[in-house]
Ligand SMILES: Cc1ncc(COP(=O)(O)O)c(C=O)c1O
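First, one chain by itself in structure tokens, the form predicted alone.
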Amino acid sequence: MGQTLDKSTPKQELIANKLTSDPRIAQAKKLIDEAVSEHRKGIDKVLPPDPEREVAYKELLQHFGSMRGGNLWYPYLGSGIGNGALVELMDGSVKYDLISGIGVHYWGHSHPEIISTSVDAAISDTTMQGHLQQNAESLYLTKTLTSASGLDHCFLTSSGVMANENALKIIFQNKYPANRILAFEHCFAGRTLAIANITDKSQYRTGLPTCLNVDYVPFFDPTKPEESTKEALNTLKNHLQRYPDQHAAMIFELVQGEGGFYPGKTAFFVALMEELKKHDVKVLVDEVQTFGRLPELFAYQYFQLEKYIDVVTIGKLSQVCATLFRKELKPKPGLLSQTFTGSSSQIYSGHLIISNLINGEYFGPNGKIQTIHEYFVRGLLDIENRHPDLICGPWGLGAMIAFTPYKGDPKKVLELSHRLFEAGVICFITGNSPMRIRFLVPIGAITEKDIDEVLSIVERTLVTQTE
């Protein structure tokens, strides 16, 4: 990324610098860019599957499902190329990817900058960076994240749930012997053995032993803000009174993801966090899904909660994930360690995406995230006005957009998600009662034309499913 480690002037240039500045590398990257750009142009609209590939494609899916011990959620096997919000599958179909791998492909598909920085990663020596060997790019990414967050430390890790695992280890060590966790009802924190005890979905921990003691607090209800805040605060106080000095932390999703795309409010969070601080219970914010999707880089910045945060976790669009924390919680040697934190490609790509978000025109009331949200929601409202029995809000926040079809009937919503996939729009479900359709918009690639096409497909599919 062209950053400098220190201000000294070495007598001899590093051989690695000579490699990256070699004109043959630049020429190779130019040729790759030209080739990819040329072929991307052929992906410009939704296409149905190629009938001649149908049988072979189904066989591939069945074989894959058999080997992995369960079928894929969607019959999706990518071909390896896309164009922005569009992606090509192995059956020859082209679809709008509006869930972006559950939030990972924030810059869309076959983005030239991602490809270019991935070439840089490919020619760097260390394929997987980790505990014993990390290249300078890990330093640059860590510095970017600590600077942007205002937190003191950043530990890179391989997945969002591992970021949450590391956060819990840091907090439990600091708060020993406290051994309880507070969380919101309907929260999602991941599915590892320990974290599944926090995620408020019983089927995710069927047959698993209890590893953590978790006490739940009701989340914010926008239809009764004052009452729900009072109810949550009273519930929190009761838990703290029942188990004095036993809670190490409360984990916050500031916008519930799997729970239904429900955002909270600043006053609601402040009331709870003020009470937690009175009891020295640490505030852990899970931003694995919200990071980079709201009109500020971090959701806690958007909700103006900076002074309350002790630990924050990020993932998905960042490619390589991270746990950020204050110096007061710095762990003892040996607590945090992993063979690898991520591939060089992840680290390079994640740094590129985050730097582009910070330095580009994405945040604030007039940034791309907010303008795309408003444009998308206007389109959904237009559909609601034409078909009030088929669709309604909430509409989410920022690049997290959701709608409720068919009054949230789980069977119908699940069917709609698969019908949309067949029609050329990849989405996902969220929530349970009601169940919703959600989009995690690829903000680095999406255009208003893309949104118009997606909304047209959504409306047609909604109407035809009821006929």
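Here the structure is a predicted model, which means the values were calculated and not measured. The first residue of the shown sequence is 1; numbering continues from there.
Although not depicted, the form predicted in complex with the ligand is the subject of the following passage.
Taking a 4.5 Å heavy atom cutoff to the ligand in the predicted complex, the contact residue among Phe340, Phe188, Tyr140, Phe172 is Phe188. Comment: the ligand is not present in this chain, but in the predicted complex one of Ile391, Val161, Ile369, Met90 has a heavy atom within 4.5 Å of it, namely Val161. You can rule out all but one of 231-239, 132-140, 109-117, 282-290: in the predicted complex, only 282-290 has residues with a heavy atom within 4.5 Å of the ligand.
Heavy atoms of every residue among Glu253, Glu258 and Lys316 are located within 4.5 Å of the ligand in the predicted complex. For the partner-free chain shown, nothing in 201-220 comes within 4.5 angstroms of the ligand in the predicted complex, judged by any non-hydrogen atom.
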